[in-house]
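The chain below stands alone and is given in structure tokens; this is the form predicted on its own.
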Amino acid sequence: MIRFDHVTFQYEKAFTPALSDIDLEIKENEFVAIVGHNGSGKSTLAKHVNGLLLPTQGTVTVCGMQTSDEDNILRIRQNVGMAFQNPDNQLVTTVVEEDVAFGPENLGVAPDEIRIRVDDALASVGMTDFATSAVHHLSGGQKQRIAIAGILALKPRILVLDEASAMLDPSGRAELLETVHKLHREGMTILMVTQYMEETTGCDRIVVMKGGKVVLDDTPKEVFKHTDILMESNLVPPETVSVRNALRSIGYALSDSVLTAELLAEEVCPLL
């Protein structure tokens, strides 16, 4: 679905590249988390997926189309939906269902089809009961889910989340994560940029970035074995992983697959 071939990108007037020789592939229906500290290049990488940024060197191919070809940009953006940090910046009307309908209306979709798309999109993010609500009455997590519903109404194949949970409180982040995992189970390809390591435990892969380069790319189970590399990248493993490692250090035999509180409880309780 997405391929980076030797991609380097440098902002104007910057002394060093934001991305350096990135090789990365994301397959259909994968859920990939891109993590890294501020300045690691993770958001820059995300903005290459729908052609907001174009490589200084190398190529980015999305659904078989190179982003460097201007004739492909519209089709690429029809396949790639992108949600950003601040949900308020992504909402354009005052009523929930009107906001979700805004994108399809601008594409000239027939009214009957728009109605179906709006209903389906709101159902997918669990916001059907709020269809006629005022947008400004919603919580941050609910607003972000409406922003995603607006993307889903455009029928994309890929959803890119560029630190979409950064401005949400813990309950809002939990709502957003639940929605994203549901979309993944339904077949959508997800690329999630985040600084919250606890959000990555349920992903298929984690890509760790530092200084514009990929330093780790593997399953969560394998990535969290490399706590030294994570710490060097200014990333703190999830609390469950830290507790697991602490228990191991005093003799508890816990498996590498213990990444969530539920799995930790399942393995620890029989040992007590």
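Each form is matched to the other, and the largest set of C-alpha atoms that superpose within 1.5 Å is called the rigid core. One-based numbering along the sequence shown. Since this is a predicted model, take the numbers as computed values, not measurements.
What comes next is about the form predicted together with a small molecule, which does not appear here.
When contacts are judged by a 4.5 Å heavy atom cut-off, P55 does not count as touching the small molecule in the predicted bound form. Using a 4.5 angstroms threshold between heavy atoms, K42 counts as touching the small molecule in the predicted bound form. Taking non-hydrogen atoms only, Y11 approaches the small molecule to within 4.5 angstroms in the predicted bound form.
Of the heavy atoms in K27, none are within 4.5 Å of the small molecule in the predicted bound form. Picking from 58-66, 214-222, 230-238, 33-41 the stretch near the small molecule in the predicted bound form, with a 4.5 Å limit on heavy atoms, gives 33-41. After superposing the rigid core, the Cα of A261 is displaced by less than 2 Å between this form and the one not shown. Relative to the shown form, the CA atoms of A14 and S233 are pushed 3 Å or more farther apart in the predicted bound form.
The gap between the Cα atoms of V7 and K13 is smaller in the predicted bound form, by no less than 3 Å, than in this form.
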